[in-house]
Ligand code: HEC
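Here's a solo chain for you in structure tokens, the form predicted alone.
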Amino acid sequence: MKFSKLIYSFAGLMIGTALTIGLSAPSDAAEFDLAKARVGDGIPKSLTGKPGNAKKGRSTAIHRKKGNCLACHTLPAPEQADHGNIGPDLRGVASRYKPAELRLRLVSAKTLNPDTIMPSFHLKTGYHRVQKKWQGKTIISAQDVEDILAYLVTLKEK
């Protein structure tokens, strides 16, 4: 009888551990998907499980304190001055990349190009000398990633 109690205790411990791991892994869904994306064509599934809003995405992309894409890229946003030219022009970007590839670039451009200066907008780990207020946080939310992606996929070549 003692042996069977030990087996049940061990089984309970293993199930509890599996549930704990299973419940904690989705809290960092972007990094979980990133591991799969390294060998694939990007991150095919939405980080939030729902589509983004292109209007909100455009607003976030050109917002100087959120996405701040204009710091390095040119976008079809004539109302904004001083578009960057360090990164590629994003006009027509949806004609050059699939949505899964664009999502990966937003989440972690360094996965594709370790030398890029583009920040990993939706990762919490892998940084050095992070200010306390940013430790354990992402630059933009998963919903922001999906919204910006929804905007970027509207940018097709004419």
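Numbers follow the displayed sequence, beginning with 1. Quantities reported herein were computed from a predicted structural model and do not represent experimental measurements.
Although not depicted, the form predicted together with the named molecule is the subject of the following passage.
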property: One residue of S59, T48, N53, T116 in contact with the named molecule, assessed in the predicted bound form (non-hydrogen atom, 4.5 angstroms); result: T116
property: P99, L104 and A142 each touching the named molecule in the predicted bound form (heavy atom, 4.5 Å); result: no
property: The named molecule contact at I43 in the predicted bound form, heavy atom, 4.5 Å; result: no
property: Exercise: P88 in contact with the named molecule in the predicted bound form, heavy atom 4.5 Å; result: yes
property: In the predicted bound form, C72 touching the named molecule (heavy atom, 4.5 Å); result: yes
property: Interface residues of 48-70 toward the named molecule, as seen in the predicted bound form [heavy atoms, 4.5 Å]; result: G67, N68, C69
